[in-house]
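Form predicted alone, single chain, as structure tokens, below.
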């Protein structure tokens, strides 16, 4: 596997050549600043682009054309990285070397070219995409776990960039005009910093020339260098909200000062795995298996905000017991009161996850992005060695840099009078 980085007309190209896969994946990422209104506009604009264009007059025609091209898939998603918004387009196609049609790859690129350079914006499609987005947000309310996570983020990240959904906000949808869609499109294709990644088995020189010819982007903005919202969290009072639920959702938050790429980053990654990633983690065993207090429990490290979120679901009467046991388990980690076996199980969990990430075209594309923007080596052995080198004392020191800042409970409606 080899990564080559090149620039042309201020566009960054990542060529990841490997014989691992029988497909080729092309990913385009357009970067911009993140706020609720622009995220809503940019997501609707992206959705309109992948719905149809002037060469494929409706959704059915575009879908049929992709099917004709050996089921090539065209995707479009809105993402965020730190405090940046990303419009991401992806093409996944069978390796052209396996196709007898010599024009196959050019035909695929013509679909991508039409998507990005020949849009068919109209009020009908905008209305449809607005409704699709509204339906998505309404479904979020219907899914109790998604809704609980959203309300938790709203409370925790109040006035913080991490609060913003990359799809935008429900209350902004009706405000979006066609003029804003068109302006966002022009800004994306003419000004937004752009990274193009290609993963697969191909000739790099030929691929580079074909992409430049088919996708003649020019941008006067370089890739962003700042992604972190390094704003320390203050302790927040606990919050309890209610709705019709069969099981309460509990969120507890630890905050520190260890961000992506910092010296203690890998100890923090291992700490989160030790606490609550996988069936061998401390919280899973102690809270779910031994004490039978929760239906599930996990911990997740967010390196762009330097927090660890612990999420669980349980019966109402178990909330206080579970909170106490979670806090007790973390205090034990701070004192180094955990077994070498527990640490090694967490380490093996991460090693397996890293190996799996290097065996996926989509993940390889993201790892290359992380390498380019955040100076993390594009090297599986480096990642594995960093995890192997973390000592128990490193994990303990990382834990000592964390503090409890917030507890959120979404409880059943007859629970409203209870305190957190």
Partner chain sequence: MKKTQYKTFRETVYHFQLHGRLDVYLIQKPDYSKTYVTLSAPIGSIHRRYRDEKGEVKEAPSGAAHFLEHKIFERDGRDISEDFSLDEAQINAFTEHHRTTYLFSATNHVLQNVERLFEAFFFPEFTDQGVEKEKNIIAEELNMHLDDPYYEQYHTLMRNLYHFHPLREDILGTKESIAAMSTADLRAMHKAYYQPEKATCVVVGDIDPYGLQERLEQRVKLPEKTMFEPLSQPLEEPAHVKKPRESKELDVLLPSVLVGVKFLPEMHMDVKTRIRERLSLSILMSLLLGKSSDVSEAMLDAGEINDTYGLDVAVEDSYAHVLIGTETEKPEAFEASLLEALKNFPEATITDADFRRIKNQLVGSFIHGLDSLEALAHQFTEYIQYDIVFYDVVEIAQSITKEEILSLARRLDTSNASRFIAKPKKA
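Positions refer to the first chain, counted from 1. Since this is a predicted model, take the numbers as computed values, not measurements.
Another form, the form predicted in complex with the partner chain, is not on view; read the next lines as being about it.
Let me know the one among 226, 341, 190, 160 whose heavy atoms come within 4.5 Å of the partner chain in the model of the complex, would you? Selected residue: 341.
Which one of 380, 36, 394, 32 is close to the partner chain in the model of the complex, taking close to mean a heavy atom within 4.5 Å? Flagged contact: 380.
Non-hydrogen atom within 4.5 angstroms of the partner chain in the model of the complex for each of 97, 139 and 246: Spot residues vs the partner chain: full contact, yes.
Using the partner position in the model of the complex, report whether residue 314 sits within 4.5 Å of the partner chain, counting heavy atoms only. Yes, residue 314 is a contact residue.
Against the partner chain in the model of the complex, would residue 78 count as a contact residue? Criterion: heavy atoms within 4.5 Å. So residue 78 does not count as contacting the partner chain.
State yes or no: in the model of the complex, is some non-hydrogen atom of residue 264 no more than 4.5 angstroms from a non-hydrogen atom of the partner chain? Result no; residue 264 lies far from the partner chain in the model of the complex.
Closest heavy atom of residue 135 to the partner chain in the model of the complex, within 4.5 Å or not? So residue 135 counts as contacting the partner chain.
Which single stretch, out of 279-287, 256-264, 300-308, 330-338, brings residue heavy atoms within 4.5 Å of the partner chain in the model of the complex? Among the candidates, contact is made by 279-287.
Quick one: name the residues from 345-361 with any non-hydrogen atom within 4.5 angstroms of the partner chain in the model of the complex. The stretch 345-361, when checked against the partner chain in the model of the complex, contributes 345, 348, 349, 351, 352, 353, 355, 356, 359 at the 4.5 Å heavy-atom cut-off.
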